[in-house]
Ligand SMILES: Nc1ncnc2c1ncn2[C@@H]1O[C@H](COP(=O)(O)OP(=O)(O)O)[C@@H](O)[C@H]1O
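In the block that follows, a single chain appears as structure tokens, in the form predicted on its own.
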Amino acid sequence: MSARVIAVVNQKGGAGKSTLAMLLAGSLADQGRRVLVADADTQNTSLRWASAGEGFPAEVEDVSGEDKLHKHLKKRLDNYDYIVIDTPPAATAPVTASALRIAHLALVPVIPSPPDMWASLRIREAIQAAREDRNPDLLAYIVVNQAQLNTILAREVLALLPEFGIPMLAAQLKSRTAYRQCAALGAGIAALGSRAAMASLEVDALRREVEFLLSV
């Protein structure tokens, strides 16, 4: 069976694209799936993450020079169960459009703040353009990242997200030290063991929801 392709996209830097991509890819790989992270961002955060240690369970490849990313990845589909694309923070970049052209699912990490909401409007337009062009079945979901639900502002922003035009995943990633530790160690969340129990539950919930969406 050909790989299911997940593009992690947003217009704004710092929204947590690489964190989301690497946590999800690591969790999928820990379940015995064959997973490739295609690092399409010239900052190569995903590649640096995996290179920080020797324990990251998924393969990570630098594809930041591939503007025709969909053509490059089509040749790799039979080698993996999942391909997770970490895109640059640029909704109109050719590589982002190429990623959305081949993706089955687009995940949009959004920190619950007004600037992040405003920036994400551009990626909504890019997703719609991909659907109208060559990928009408592209699924898209917002993933709330660095959620701090005990603040009034965060609750107000979250209340507005249903009007954004892209549905939200039920799973959310809160602001946790464990995720930064994963990057420092070059590992997935499972490598932290019991000291990251709550973080593991969040990532597991995210993985299961993504797997369900891509199995329908």
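Note that the structure is a prediction, hence the values are computed from the model and not measured. Start at 1 with the first residue shown and count on from there.
The same protein also has a form predicted in complex with this ligand, omitted here; what follows describes it.
Note that among 28-36, 167-175, 186-194, 57-65, the stretch whose heavy atoms approach this ligand to within 4.5 Å in the predicted complex is 167-175. Within 4.5 Å of some heavy atom of this ligand in the predicted complex lies at least one heavy atom of residue 12. At a distance threshold of 4.5 angstroms between non-hydrogen atoms, residue 19 is in contact with this ligand in the predicted complex.
In the predicted complex, no heavy atom of residue 113 sits within 4.5 Å of this ligand. In the predicted complex, at least one heavy atom of residue 180 sits within 4.5 Å of this ligand.
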